[in-house]
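Here we start with a single chain on its own, the form predicted alone, put down as structure tokens.
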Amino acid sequence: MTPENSRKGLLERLEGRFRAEFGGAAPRCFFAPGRINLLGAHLDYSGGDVLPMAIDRGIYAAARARSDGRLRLVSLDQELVVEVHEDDVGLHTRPEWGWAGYPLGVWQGLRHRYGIRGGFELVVGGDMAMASGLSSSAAIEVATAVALDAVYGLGLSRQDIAVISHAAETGFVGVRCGIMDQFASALAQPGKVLLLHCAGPSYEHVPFDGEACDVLVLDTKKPRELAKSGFNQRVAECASAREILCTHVRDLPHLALFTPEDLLRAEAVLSDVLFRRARHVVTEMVRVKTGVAALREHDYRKLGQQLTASHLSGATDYEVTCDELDEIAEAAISHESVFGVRFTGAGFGGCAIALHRPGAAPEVEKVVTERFEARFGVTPGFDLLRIGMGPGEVER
């Protein structure tokens, strides 16, 4: 099935479910892309630079405004259906709302900032898996924000949508995360990756030649069971490292703004763990800068080298990989057509991404499968991604 036919089928399912649940006229439909992060692993919450790429997968949302204050939310992928009155949506989500906490957080933010009232009905569905490391939660938030912006005629900028979506995840849902995922989805442009300076925030777009390089997702099939606790621990460790550096070297607002030379000056007063966490952050900043230069030079081999170095740093200094991620990365990089490979998302399981020459995916999959199965007895999954479009209304 071609991507276009797959999208058409998903939109038909979305509209069919919407009509079955809510009746009435056909809804308007909207899309927000997922993302992979090429470089800048775990840098956004330390005020660093990140290089995410919107992908050709994401979340679709069918939406319509209501006038009776009811918020009615349905997912094609989740059994839970949620209905709540707008006056009962407080400052934080509830356990019984499950996945619906993300769009409800967007609604709460828009009501607080722009005074929208009346309620809405929403059906969401996607062509990427939840908890896949491709940022499905941010895509749900951005798709909801784009939809509500349109049906209520708010006229929001894409950065406004990113900020509202980020606040929904951190404030309403309560997930400690940086701004990358929501900004990557909301600010995506076709044929370009986003260079996001999280300390600003400010951003620029960098061309990415989708004909020169393919992106292959390598799924270890290992659940990311430690991702939440491990992520929060890394956030705390980076904050502690910054405090020590500010005391003993110089006062800077973010850990990522320190240099490798600053870090060496503080090595004696940092614990081994905090030194390694900080070393990952400051050296990853260098890798992002080098990777952006490689993109502008059309040097995908050089870009890939930065990905591989990032994975190694994530394994040794940041300790967010696992045996399965390391094995799948080593298997992929052994193939001559692969430019580079590293874990994606928070790590601790889940997926890696491999950049490789166009058309080489079947060969890479064969090599990786043989080696991975031999060690773990598990067949890995694969998904070939393309650079995606930005968010917006979908014409059917």
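In case it trips you up, residue 1 is the first one in the sequence shown, and so on. The structure presented is a predicted model; accordingly, all values stated were derived computationally and were not measured.
A second form of this protein, the form predicted together with a small molecule, is not displayed here; the remarks below concern that form.
Engineer: Could you tell me which one of 163, 195, 82, 177 places a heavy atom within 4.5 Å of the small molecule in the predicted complex?
Structural biologist: Looking at the other structure, the residue within range turns out to be 177.
Engineer: Within 4.5 Å, heavy atoms only, which of 364, 41, 353, 62 is in contact with the small molecule in the predicted complex?
Structural biologist: Partner contact (heavy atom, 4.5 Å) among the options: 41.
Engineer: Taking the partner as it appears in the predicted complex, which of 344-352, 54-62, 24-32, 330-338 has residues with heavy atoms within 4.5 Å of the small molecule?
Structural biologist: Checking each option against the 4.5 Å cut-off leaves 344-352.
Engineer: Would residue 231 show up as a contact with the small molecule in the predicted complex if we use heavy atoms at 4.5 Å?
Structural biologist: Yes, residue 231 is a contact residue.
Engineer: Hey, with the small molecule in the predicted complex, do 18, 121 and 144 all fall inside the 4.5 Å heavy atom range?
Structural biologist: No: none of 18, 121 and 144 comes within 4.5 Å of the small molecule in the predicted complex.
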